[in-house]
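As structure tokens, the next two blocks hold two forms of the same chain, structure 1 and structure 2.
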Structure 1
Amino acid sequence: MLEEKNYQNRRINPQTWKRLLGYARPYRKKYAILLTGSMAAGIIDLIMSFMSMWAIDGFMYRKTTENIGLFAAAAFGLQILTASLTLLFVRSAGQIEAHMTTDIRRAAYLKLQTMSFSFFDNTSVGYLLSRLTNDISRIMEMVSWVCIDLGWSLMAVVASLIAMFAVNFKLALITVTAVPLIALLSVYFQKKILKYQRETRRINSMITSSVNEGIMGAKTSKTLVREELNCLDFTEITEKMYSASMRSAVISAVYMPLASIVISAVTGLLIIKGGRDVLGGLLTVGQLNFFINIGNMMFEPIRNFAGIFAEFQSCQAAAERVSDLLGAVSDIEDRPEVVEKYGDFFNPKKENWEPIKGEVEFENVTLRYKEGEDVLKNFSLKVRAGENIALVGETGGGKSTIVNTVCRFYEPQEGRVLIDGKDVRDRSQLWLQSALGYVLQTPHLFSGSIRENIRYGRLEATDEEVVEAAKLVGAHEFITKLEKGYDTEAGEGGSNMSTGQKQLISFARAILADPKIFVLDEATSSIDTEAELKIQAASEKLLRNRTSFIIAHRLSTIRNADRILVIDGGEIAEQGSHRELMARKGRYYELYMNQFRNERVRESVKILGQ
């Protein structure tokens, strides 16, 4: 339930950063170079200030050009050094950012692969997308580039302080009085600026999602005549964006002049006091110039510090969200001893996987998605290996829940699900799922061609086998009618296939894998009558020697099932073969006759209409 958690906490929490900084470990050396380089740059800046002091006192004041060539060469050398250092650390920071972003994204992606169904029930795709893209980019940008600012600022402040006190104690004191003032101003304004920036970003994402919704939901909007309302909503959001951007601009505009006033006031004081000292012979013009320069030079790093602090604070929520995602624990996990024996998702030990026959048993299973609402209660069912089971019943009765439990997409709170007499929790998830073929109620096709999509079932399958599988489920015909046939793009943005057609493709994919247990969760009448007849014709062959669970909404599809279960309120209301149940004239008979009558009516209407 990551989404529901309140991430408003803006206090920097080292615990959160610790997990993220773990990803920096491989780049320790680069970080060390970065830090040293930026500190060196801080020192060079200070040396440059000293150089102008020497130039004024040594050449201008004494009106000589002795050794000026050497001096110029040294100054030039230092500039070259600064340029090279800048190149070095910009490169290192860029590399660190790119590498760490990739590493963390990969870790988060792998984490998502191992999460259970319930995690995705409670966490939206949009939420996860923003974590993987925006949040991670922001954090990584900060942790890599902040290092440069931090090294440079730290060195610049410390070195300047020491140098100032060494050159002239009184003037140093005057300069130092401005430090807390500038620091306070900076912290206050940087926080405000970031707050408004965050606000604009938030509104910006609202605009994006509103545009997205406007496009995706265009058809629905039109049918509901919602266009005007949508436009009003959109205008409201853009107005909010305008005022947030304005506020952010105004705050920035106030901060800079205020900081300049403080700096100028201090410079003025320095000139009054220092000028007197110069006239009195207590101070050289070069030294005074040094103070004026260094005063300016010190304020930049202080502002930087404030910026870094505010940035850290504003990244805290993003860091927490990403850190929580990386640390998320799936509520369906293989026990250590199971992983030890059968391997995990990424390192399966297939040599230890005994063949699965396909016997399925529910033993007093109680399952609930939410506390207090049992969907299955004390549910028991025994299915022989190779038996074809059909599940029928009213919507929301628990049919999908039953088959999802066989697949261990959800785990029961009480009771056990046994496959070949062994608790599903004693097998690794990968092992169980490799023995299963599942056509989901909402089929998903991956980006790639239809051919590739079917081949996902068994990667080493030949093109002929792919076509064979498609023919078997009756998908071949409609695929060949598409312009590019099997090479048609199938995923998002691909061809416009109906849910029924997508199901047929997933069906072919599932069959290609030759699973021992097969599940077909039919989308409510999404398969057209023609496709349905094809599946019906093929299914006898398809389902032979496989344990199967077919959830059908058209009862004519499942007449041949070995056993039909009428599911109602998470219980088996009735069971038996089609013939037995028809003879009993109970629930199934009623459902069947109803559907039969409805179809008849529909047909007559069609005939009348012609």
Structure 2
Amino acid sequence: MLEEKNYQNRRINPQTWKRLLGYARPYRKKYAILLTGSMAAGIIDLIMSFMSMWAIDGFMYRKTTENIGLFAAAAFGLQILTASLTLLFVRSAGQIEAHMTTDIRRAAYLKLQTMSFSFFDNTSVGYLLSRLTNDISRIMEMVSWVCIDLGWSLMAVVASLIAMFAVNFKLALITVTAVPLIALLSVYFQKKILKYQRETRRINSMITSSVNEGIMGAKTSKTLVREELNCLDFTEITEKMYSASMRSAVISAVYMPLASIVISAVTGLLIIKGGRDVLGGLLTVGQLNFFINIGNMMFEPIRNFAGIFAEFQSCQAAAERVSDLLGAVSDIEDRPEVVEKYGDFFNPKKENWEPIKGEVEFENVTLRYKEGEDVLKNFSLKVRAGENIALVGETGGGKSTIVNTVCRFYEPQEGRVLIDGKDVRDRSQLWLQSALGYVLQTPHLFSGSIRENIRYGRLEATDEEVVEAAKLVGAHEFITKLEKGYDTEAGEGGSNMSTGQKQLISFARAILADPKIFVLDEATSSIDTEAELKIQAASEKLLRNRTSFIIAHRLSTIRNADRILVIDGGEIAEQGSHRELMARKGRYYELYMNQFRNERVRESVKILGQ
């Protein structure tokens, strides 16, 4: 889990920036142009300072205009060159920022596609959204534009030092006294700035997460009249953000003026000492002016270094989080030899994939989500290819864990899961998951049309195949009654559809994929009786000769299952057909009869209410 608290006392790790700057390799030429151009700008500034000295000592002091036209042409040419370099800077830096931002966001998104379910169980949506948007933008803005400042600043400092010592050794010594003082200030403020920037980024993730939950849970908030409390909670978080941001801003605000005070004090000493030398005839007016200009030319980069340093501290916290996301390792990874033969998520080698028949076996499987909390305990089960298995039992008993383990969404700490007699770890994840059909209790639709959502199960499917899949699950009738039919927008998360409609579309999507192993995770618990009957009728045909696992909410829907497993505490308490288990009058019998009685009571109350 990428916990926010882990960042608070972390030392700066060079690997953080090494990973991020690795994305700059494709743009080495643009960076080289930026550095070269910015260094050239530093040289031009130095030449302009010399020209100012020559103008004072040559034209003003001597009271002559000889060669002033050539001087003016040279000055104008340098200004044109400076403007051209500025245009080059803005264009190149902007391109680098846009390209690197795109590359890193794509890499982070691809990383998310390969992560296991446990990663998403332990990482909030707000955390991920903040990393992919705010943090990456901030880092890339600094990385792209700071190159200009660094190139110009380094050249300006080096050139200024050489020029100053060449003109007047004593004044040069006075000037360089500012450097160690600035360095001491930087070291002192470094930890303080970074501490508060980390806190700011942490709270920013909390704000993003709070906004996401507020939107996703709007209906629940309305029904529970939570609007005022939600506002109070959000206000509390934003006040924490305000407090942390202010502390960070105050520290940065103190740092910059202190650096300026040091630089101003040294500039004052330069003027005092240089003025005395001018009066004593040891220094010309032009040379003093040159020293003041060149001093400012050197001090400005030092001020820039101070600003860059503060910006770096601000971005360090964001860089740590983005780098950790890019470097996150999934709990479930295919071994190198497996990837070599079968490919990975993005480069599958389907020509080497063995066909899946659907035989599933658990061999002494123990799985735990947290240390010391076994969800499955030494679990063993053999399912024949084409067998229909129903899983029933109390909530938290391990039913969903069993099917998630079959799908390799989680891997056991002990034991093996075999598909067609082969350990799933000897095959690629994509090989297995391409043969799965999974219909959830809470269906999820993507933004786009109904047709696109159904085709999501098999992108190469024709329109006729999409319609046929919808007909098989009884969705065709309601779809054709919509104004745009199959081209009707489902909305974000299926917001334009009812729960029952979303479930039928989700079922059609799974059917279209033609899976060898089918999982229905309480797939009919959220739909009305009419829709349930349609799905049941279709299921009898569709699940025939397919290995299927049905997590049942309504026990009446699984009476025709080949085998029913009663799961309790990660173990099989009972198993058999519906008739066998009812005759045994054990746990299944009690569950079935209790549900049957409860349904009768609800029906009676409904009739009386009418």
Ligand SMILES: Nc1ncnc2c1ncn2[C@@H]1O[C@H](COP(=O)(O)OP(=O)(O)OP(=O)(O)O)[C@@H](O)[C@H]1O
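This is a predicted model, so every value here is computed, not measured. Each residue is numbered by where it sits in the sequence of structure 1, with counting from 1. Rigid core: the largest C-alpha set superposing within 1.5 Å between the two forms.
*Asks:* Looking at the two shown chains, say which is the form predicted in complex with the ligand.
*Replies:* Answer is structure 1, the other one does not fit.
*Asks:* With both forms fit on the core, has L418 moved 2 Å or more by CA between the two structures?
*Replies:* No.
*Asks:* Does L132 move appreciably between the two structures, meaning a CA displacement of 2 Å or more on the superposed rigid core?
*Replies:* Shift of 2 Å or more: no.
*Asks:* Align on the rigid core first; then say whether the Cα of A583 has moved by at least 2 Å between the two structures.
*Replies:* Not so; A583 is displaced by less than 2 Å.
*Asks:* Quote the shift of the Cα of S252 between the two structures to one decimal place in Å, the two forms being superposed on the rigid core.
*Replies:* The alpha-carbon displacement, core-superposed, is 8.7 Å.
*Asks:* With the core fitted, just quote the Cα shift at L270 between the two structures, in angstrom to one decimal.
*Replies:* Its alpha carbon moves by 5.5 Å.
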